[in-house]
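The chain below stands alone and is given in structure tokens; this is the form predicted on its own.
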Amino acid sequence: MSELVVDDLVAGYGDARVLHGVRFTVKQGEVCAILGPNGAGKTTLLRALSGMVRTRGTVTLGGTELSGRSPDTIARLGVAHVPEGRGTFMPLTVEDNLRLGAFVRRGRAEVDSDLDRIYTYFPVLKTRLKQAAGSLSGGEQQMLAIGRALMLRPRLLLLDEPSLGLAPLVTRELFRIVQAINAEEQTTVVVVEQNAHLALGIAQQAHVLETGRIVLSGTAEEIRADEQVAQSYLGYRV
């Protein structure tokens, strides 16, 4: 059963159209990788899914229409967006950032319980609770951004370039944690990522976006084996 259905999605900024009739579906509990060159429209796609740009076409999550709704309404419907650059609130503490992720929820006991759940995925955050988010390393800030998104208890997690600016070892650990979150909580994930090797390593399906259009779709194994993708994004020939 499809959790996310995107049909004929058009989006842009002012008069400039960026997405041109994008269509794809993601099953509940799947990881979907969005690949493509810079300027292809990958970030705009995630912004369109979370209501940050004007769109035409339809987007549904579990049968509920998201199109035309405000970002806060879409968040309440279970969509958590971790933007490129992380978007943490630098002057606030780690704990305050995490609690902000639960802004649509009620019940302090449940929120406190979920903080403990986040610490199982990101134990380093528990040792940094009272530190300002701006004092964290880049990898720790990305962990904090994902942890904050998980405090929403999302049905759909959108990740925009999670490896950006991180050391390879930190990036591999981050993707391992995302894979664990997906497996243990059955959270549907759409990840935009320049590091195609890592993205395809945790994804079940993938789509290649170029100039605002999906030009190639398939399972992660099919996309990895495709000669065009291998040469353009993976750095080798099939």
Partner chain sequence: MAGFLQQVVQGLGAGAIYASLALALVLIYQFTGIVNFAQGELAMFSTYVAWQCMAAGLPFWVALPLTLVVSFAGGMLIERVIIRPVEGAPELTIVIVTVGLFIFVNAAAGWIWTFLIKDFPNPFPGGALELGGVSLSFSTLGVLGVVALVMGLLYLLFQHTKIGLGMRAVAANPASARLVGIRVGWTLALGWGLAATVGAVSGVLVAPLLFLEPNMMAGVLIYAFAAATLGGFDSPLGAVVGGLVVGVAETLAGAYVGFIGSDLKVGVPLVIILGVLLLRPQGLFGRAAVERA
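All values derive from a computational prediction rather than experimental measurement. Positions refer to the first chain, counted from 1.
From this point on, the text means the form predicted together with the partner chain, which you will not see here.
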The partner chain contact at M52 in the model of the complex, heavy atom, 4.5 Å: yes
Considering only heavy atoms, tell me if D72 and the partner chain come within 4.5 Å of each other in the model of the complex. yes
Look up in the model of the complex whether T88 has a non-hydrogen atom within 4.5 angstroms of the partner chain, and give yes or no. yes
Residue contact check: L115 to the partner chain in the model of the complex, 4.5 Å heavy atom: no
Where, among 33-41, 187-195, 64-72, 200-208, do residues come within 4.5 Å of the partner chain in the model of the complex by heavy atom distance? 64-72
With the partner chain taken in the model of the complex, which residues across 84-101 come within 4.5 angstroms through any non-hydrogen atom? G87, T88, F89, P91, L92, D96, R99, L100, G101
